[in-house]
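To begin, one chain is listed below as structure tokens, in the form predicted alone.
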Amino acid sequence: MVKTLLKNKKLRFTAFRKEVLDVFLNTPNAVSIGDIEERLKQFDRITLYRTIKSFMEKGLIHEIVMPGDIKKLALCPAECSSVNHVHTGQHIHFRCKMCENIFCLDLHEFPEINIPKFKVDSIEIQGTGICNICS
């Protein structure tokens, strides 16, 4: 699966990229750089940051910045692409008030917002509440 994900995003397979991608694949919620560092066996920080940057540029992962929280990273949906470092893919970023985890939730139908005199190309929706694990 890792090789396919990297190939689909035109990224070369390396053992380190596999290890970083495994962190995302084995975590149901968004992760911080610190979370990734804790789960890696042995790594060079510069290589990690370059890997994260490559993953973001190719639309493999995306950043999530919730108010009052540190930056987190999550896998992009399969249909997400990155053009000029702007990710496409419609979902909600949800923070659980109990466990503080952030999740990307897919929507079957994205709400349409009409703002007079403006052309809206993308919308970011953030929600808070209690996740299905904590409820």
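For every residue, the number given is its place in the sequence shown, counted from 1. All figures in this text were calculated on a predicted structure; none of them were measured in a lab.
Another form, the form predicted in complex with the DNA, is not on view; read the next lines as being about it.
Trainee: Would residue 51 count as touching the DNA in the model of the complex under a 4.5 Å heavy atom rule?
Mentor: It does: once the DNA is placed as it appears in the model of the complex, residue 51 has a heavy atom within 4.5 Å of it.
Trainee: Contact between residue 108 and the DNA in the model of the complex at 4.5 Å, heavy atoms?
Mentor: Residue 108 lies outside the contact set for the DNA.
Trainee: Decide whether residue 27 counts as a contact residue for the DNA in the model of the complex under a heavy atom distance cut-off of 4.5 Å.
Mentor: Result no; residue 27 lies far from the DNA in the model of the complex.
Trainee: Answer yes if any heavy atom of residue 119 is within 4.5 Å of a heavy atom of the DNA in the model of the complex; otherwise answer no.
Mentor: Taking the distances in the model of the complex, the answer for residue 119 is no, it never comes within 4.5 Å of the DNA.
Trainee: Which residue, 33, 92, 99, 40, is the contact with the DNA in the model of the complex, using a 4.5 Å heavy atom cutoff?
Mentor: Residue within 4.5 Å of the partner: 33.
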